[in-house]
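Heads up, the chain below is alone and in the form predicted on its own; it's given as structure tokens.
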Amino acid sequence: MGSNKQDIAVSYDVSNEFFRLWLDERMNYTCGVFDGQEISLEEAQLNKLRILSGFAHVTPESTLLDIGCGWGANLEYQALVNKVKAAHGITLSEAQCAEIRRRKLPGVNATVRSYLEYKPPLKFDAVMSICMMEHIVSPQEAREGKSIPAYRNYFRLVHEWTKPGTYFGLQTILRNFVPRDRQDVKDVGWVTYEIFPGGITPRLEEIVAAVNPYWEILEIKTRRLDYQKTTWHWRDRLRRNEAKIRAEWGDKVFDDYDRYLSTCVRGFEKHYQSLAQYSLKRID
């Protein structure tokens, strides 16, 4: 279901150095939290990690699982800031896993594995997943009404991997309004199939329905404008590195990512998409 390893390679394996040019210094590829303040992208990403760590009730005694761990920004934060006992990450991207191993983070282990095939080495007492659920269901599966069963199976698996009393800090992009502007329809569809093949963003009501009977929702916070600002910063950094990107990865890579990020900025502005952060508690 959803994105397979080849799809993930299209989305994330362009080049670690390419993404390093326009993401923040830790390489968070998810929404930062500005809260209306004029702060840097780096500060906004630290705010995000702090908030989600709180939602997951992370402590130095935690054994934490990061599902869809990217290039290791959150794992690095957990190891060096929260100083957790152990942190495990799973990703389907070989390039992302290589970057995590390059960082040599204390107490951190990363594995290239689908969540559907993951066999945890222990029961975790804290879980985080930051914008991974967008890869669980394909557009075709969403049209066939398979989203809620697939998301419920995901929450069932995470329940099985955890100890009683575990908290879960979750973040997902949300699918909101359908574009009415013809060019917006084209651009949103293009991003879905060309930049992130195999996946589609969930709707809020699907997440709310799917957590049952495994997790209780304690809190939901939406951050549409925070993601608009995050993607604006990404596009600004991309454009400031235009000459280097065109020289090293070609015109198509620059043009595609400029179109993608411009679509994101416009999509969050026009309510086509939003973002939600959730604090969940395991139902025992």
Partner chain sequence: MEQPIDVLEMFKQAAFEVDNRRLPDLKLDTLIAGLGMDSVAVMELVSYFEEKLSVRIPDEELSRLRTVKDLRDAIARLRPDRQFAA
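Because the structure is a prediction, the values reported are computed rather than measured. Numbering follows the first chain given and starts at 1.
Form predicted in complex with its partner chain: not shown, discussed below.
Peer 1: Which one of these stretches, 112 to 120, 156 to 164, 94 to 102, 183 to 191, sits within 4.5 Å of its partner chain in the predicted bound form when only heavy atoms are counted?
Peer 2: Looking at the other structure, the answer is 183 to 191.
Peer 1: Looking at the partner-bound form in the predicted bound form, is R203 within 4.5 Å of its partner chain by any heavy atom?
Peer 2: Because a heavy atom of R203 falls inside 4.5 Å of its partner chain in the predicted bound form, the answer is yes.
Peer 1: Is there any non-hydrogen atom of P197 lying within 4.5 Å of its partner chain in the predicted bound form?
Peer 2: The answer is no: P197 has no heavy atom within 4.5 Å of its partner chain.
Peer 1: Taking heavy atoms and a 4.5 Å cut-off, does N82 contact its partner chain in the predicted bound form?
Peer 2: Residue-level check for N82: no, no contact with its partner chain.
Peer 1: Using 4.5 Å between non-hydrogen atoms, is S138 touching its partner chain in the predicted bound form?
Peer 2: Result no; S138 lies far from its partner chain in the predicted bound form.
Peer 1: For the stretch 150 to 182, I need every residue with any heavy atom inside 4.5 Å of its partner chain in the predicted bound form, listed N to C.
Peer 2: In sequence order, N176, F177, V178, P179, R180, R182 come within 4.5 Å of the partner.
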